[in-house]
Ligand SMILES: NC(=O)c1ccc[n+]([C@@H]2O[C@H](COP(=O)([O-])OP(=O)(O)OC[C@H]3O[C@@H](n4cnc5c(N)ncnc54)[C@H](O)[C@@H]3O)[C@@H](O)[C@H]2O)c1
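Before any questions on binding or motion, here is one chain by itself as structure tokens, the form predicted on its own.
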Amino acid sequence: MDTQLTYGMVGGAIDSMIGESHRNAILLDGRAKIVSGCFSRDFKKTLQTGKEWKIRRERLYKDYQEMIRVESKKKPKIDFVVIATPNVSHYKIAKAFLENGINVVCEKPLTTSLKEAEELKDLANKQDLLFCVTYSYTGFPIIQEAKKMIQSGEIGTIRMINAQYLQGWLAEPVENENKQAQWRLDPSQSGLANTTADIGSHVENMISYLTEKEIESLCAILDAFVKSRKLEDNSIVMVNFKDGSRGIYFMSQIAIGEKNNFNFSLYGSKGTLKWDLQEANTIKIFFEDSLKLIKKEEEILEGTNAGFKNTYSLFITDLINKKNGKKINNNNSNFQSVIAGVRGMKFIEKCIESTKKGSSWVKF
């Protein structure tokens, strides 16, 4: 039975926080080894990263095209590639690896348009390849526990959802000195949205994963409070679900004092379920006259978090099982697949559409 995988990475050099998060999460899982990469447009930085991560010099590449040309001819090929580049390049890189028979793990948002996202989904399915989108927060074990509790009817029928993801790092015009701010606020690198794509996609994914509710319509207000910006730094979205329930999503990166405050409250007919990233291993369920706490043992991880680690564990398990003959695809996978990525892109585009129409309600 095949139980050890190999992978490569595009983007995510050693000065990149997100690249380290991916690599460390995979290291902690222990069933996949990084063997190749093109980590930066600066080849010196790729070489530096490769040396640090003990990758052979001949498997370090100047660009992803060279990487594909060489790696796709190897026997065996790498089992998957991790794409940790700015949003605008996700589509072309993922498409090229899929066309050459290599499974893909990609940062969110999946692409910069719904059309591109759907093309990647169709191509992955046509090639019978697995495609994971790293919505890492749904990977926390306590979130999977919460999903089971919701499905069991513990809080009854969910009537109202309040979800927030608040940060304050863009409260001032920091684009000149902050590399992350530069590309995230640049439409040519980030795409059509900033806050809604960067952290709003996590909110949409989390609520969809937990509740399995389908959006009927939404009304969005996307604001750039720092006036020099071309993309939003604050996003408020009201949601009508097909089952008659409602939601409010509030995403902000100009909320001074907030570091990484992701939280949600699910208000049901029997009780309320709450989660907060600051206590990521705890779920609180409020009833009329009591409180129930559910805790998972806290796992202290260096350079990543339990959500990222478990996201990769689910993907790697599915990929190993698929290699060993099990019928696993992007529709029945245990990880967040390209299908979740497509839905996320639809959410982003519908928020933009609503804003352009004067924050009117638009059908999902």
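Each residue number is its position in the shown sequence, starting from 1. Here the structure is a predicted model, which is why all the values come from computation and not from measurement.
Omitted here: the form predicted together with this ligand. The next part is about that form.
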*Identify which of K295, K51, R41, K326 has a heavy atom within 4.5 Å of this ligand in the model of the complex; exactly one of them does.*
R41
*Listed residue (K115, K73, K126, K179) with a non-hydrogen atom within 4.5 angstroms of this ligand in the model of the complex*: K179
*So which stretch, 232 to 240, 103 to 111, 142 to 150, 211 to 219, is the one near this ligand in the model of the complex (non-hydrogen atoms, 4.5 Å)?*
103 to 111
_Counting heavy atoms only and using a 4.5 Å cut-off, do A13, M17 and H202 all touch this ligand in the model of the complex?_
yes
*So in the model of the complex, does P173 come within 4.5 Å of this ligand, heavy atom to heavy atom?*
no
*Any of the heavy atoms of W183 lying within 4.5 Å of this ligand in the model of the complex?*
yes
*Check whether S245 has any heavy atom within 4.5 Å of a heavy atom of this ligand in the model of the complex, and answer yes or no.*
no
_Against this ligand in the model of the complex, would P86 count as a contact residue? Criterion: heavy atoms within 4.5 Å._
yes
